[in-house]
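Here you get one chain, nothing else, as structure tokens; it is the form predicted alone.
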């Protein structure tokens, strides 16, 4: 089995899916998923991002580093809101697509584990589903680098997976994420769950239970590895029906997401959003 290389992985996604939709969400969210699904996931992430940002005392014009910026969606959003962002990514292909989409802020190609910035260069740094994709032995080094380039009194925003694993994803329980950052110095301001999608989780669970009835579709609505490329008419109709039903459940789940966030334990979400503040004086 070949060793997972983040740079090769993201470069391949940028080149394969970078022009699949107008906002280039596919290579940074769910490659191969329908456009409507990635738009819904982006909508949920943007809600969470705005709430996290509201917990930080950042004046307009504050300098922000977005690591793993991908196709530049958050860099452009920060710039639109009056901040001074810098985007960094390990894949030149991702940065090229970000430029094509009109990202005017500075974009740099570098590894998160060795950031090319002086200590305390930024008022805020963020990683949106980035650390989870770094090989486990290097995750702590990446967090230390992020904290290093934040000024004393500055902020760190993380949105990372708290449930589930994959060949290229290493998630941690919320307490583990918090402890890892605290080892670097910052203190937690707050954390909350992100992406509950309750109704869709119910549907996905039912589909997983009776997967044999939905040839070529898994719980995420994507093609199963090795799924036959030629389907019978009945199989295709079943899959199309599943897609339509799931579009409804995802839409309804997105609508009730704020209520889910208030009523459900944060650990029920698939991701956690963590906001930290670097002490004014390091011990």
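Positions refer to the first chain, counted from 1. Note that this is a predicted model, so its numbers are computed, not measured.
What comes next is about the form predicted together with a small molecule, which is not displayed.
Q: Out of 33-41, 48-56, 254-262, 66-74, where are the residues with a heavy atom within 4.5 Å of the small molecule in the predicted complex?
A: The contacting stretch here is 66-74.
Q: Please determine whether residue 110 contacts the small molecule in the predicted complex, using a 4.5 Å cut-off between heavy atoms.
A: Yes.
Q: Just checking whether residue 184 would be counted as a contact of the small molecule in the predicted complex - the rule being heavy atoms within 4.5 angstroms.
A: Residue-level check for residue 184: no, no contact with the small molecule.
Q: Is residue 274 close enough to the small molecule in the predicted complex to count, meaning some heavy atom within 4.5 Å?
A: Contact with the small molecule, no.
Q: Using the partner position in the predicted complex, report whether residue 133 sits within 4.5 Å of the small molecule, counting heavy atoms only.
A: Contact check for residue 133: yes, within 4.5 Å of the small molecule in the predicted complex.
Q: Exactly one residue in 94, 143, 162, 124 has a non-hydrogen atom within 4.5 Å of the small molecule in the predicted complex; which is it?
A: Among 94, 143, 162, 124, a heavy atom within 4.5 Å of the small molecule in the predicted complex occurs only for 94.
Q: Looking at 178, 79, 197, 88, which has any heavy atom no more than 4.5 Å from the small molecule in the predicted complex?
A: So the residue touching the small molecule in the predicted complex, by this definition, is 88.
Q: 10, 28 and 128: each with a heavy atom within 4.5 Å of the small molecule in the predicted complex?
A: Yes, the whole candidate spot contacts the small molecule.
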